[in-house]
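Here's a solo chain for you in structure tokens, the form predicted on its own.
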Amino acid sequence: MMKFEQLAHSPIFRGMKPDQISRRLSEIVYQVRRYGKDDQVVLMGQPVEALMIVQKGSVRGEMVDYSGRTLKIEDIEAPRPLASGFLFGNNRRFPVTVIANEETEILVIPTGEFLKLMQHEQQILTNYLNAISSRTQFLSQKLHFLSFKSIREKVAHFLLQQAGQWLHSVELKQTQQQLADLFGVTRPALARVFGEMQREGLIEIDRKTILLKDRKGLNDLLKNG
């Protein structure tokens, strides 16, 4: 069963009403696949031949490292798409294995049919381009963070970048877990660094607001490591 109300919140269909989505999907060929808890949705390296959107439940991306350990990369909840940035291009293969976390339904739109959607509905085309651009920017930012050696450097850079030249405080939009994922560190390690920097007088934390008390000290962290 299609869940048009849920799909209206998807990055792909954002700005469209459920009845609009229903009408557009009626013009193409698609299917809904159902998976049970821990079922494999796709295998790493499998060709990406369709746009897949989680319309119910959630999945996780996993990969196996060289020592044989399975690493969870991220959870993807409804109504987010899977590997939307790999739908076109030279290397159209899933970068991770995808496993269902629970009872899950996935809307599957073959690439050719999705092209028809974008040709007939500018909002979908705009949403798709925004989605893959935002993902690219996120990964670029994450690579930049990974170039810093310590968590303190990553935090200092993030706060200074968010504040810019004129602001003296930063209103966090991300949760601490989302920040930890962005920095490539654990949440407890990030929380410990925030606490240390507050005790040292570099910052002052008030819930979601972080006051930059010593901008020079934060800049020195970046210069001296």
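Under this definition, the rigid core comprises the largest set of C-alpha atoms superposing within 1.5 Å between the forms. Remember, it's a predicted structure, so these values are computed and weren't measured experimentally. Heads up: residue numbers just count along the shown sequence, starting at 1.
There is also a form predicted together with the DNA; it is not shown, and the following applies to it.
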query: In the model of the complex, the one of Ser58, Gln46, Thr186, Gln161 near the DNA [non-hydrogen atom within 4.5 angstroms]; finding: Thr186
query: Position in contact with the DNA when the complex is considered in the model of the complex, options Leu117, Ile151, Ile132, Leu82, heavy atoms within 4.5 Å; finding: Ile151
query: Candidate stretches 163-171, 38-46, 186-194, 24-32, one within 4.5 Å of the DNA in the model of the complex by heavy atom; finding: 186-194
query: The DNA contact at Lys216 in the model of the complex, heavy atom, 4.5 Å; finding: no
query: 4.5 Å heavy atom contact, Lys17 and the DNA in the model of the complex; finding: no
query: Partner proximity in the model of the complex: Lys208 to the DNA, non-hydrogen atom cutoff 4.5 Å; finding: yes
query: Asp38 C-alpha moves between the shown form and the other one by 2 Å or more, core aligned; finding: no
query: Cα displacement of Leu51 between the shown form and the other one reaching 2 Å, rigid core superposed; finding: no
query: Glu153 C-alpha relocation of at least 2 Å between the shown form and the other one, rigid core basis; finding: yes
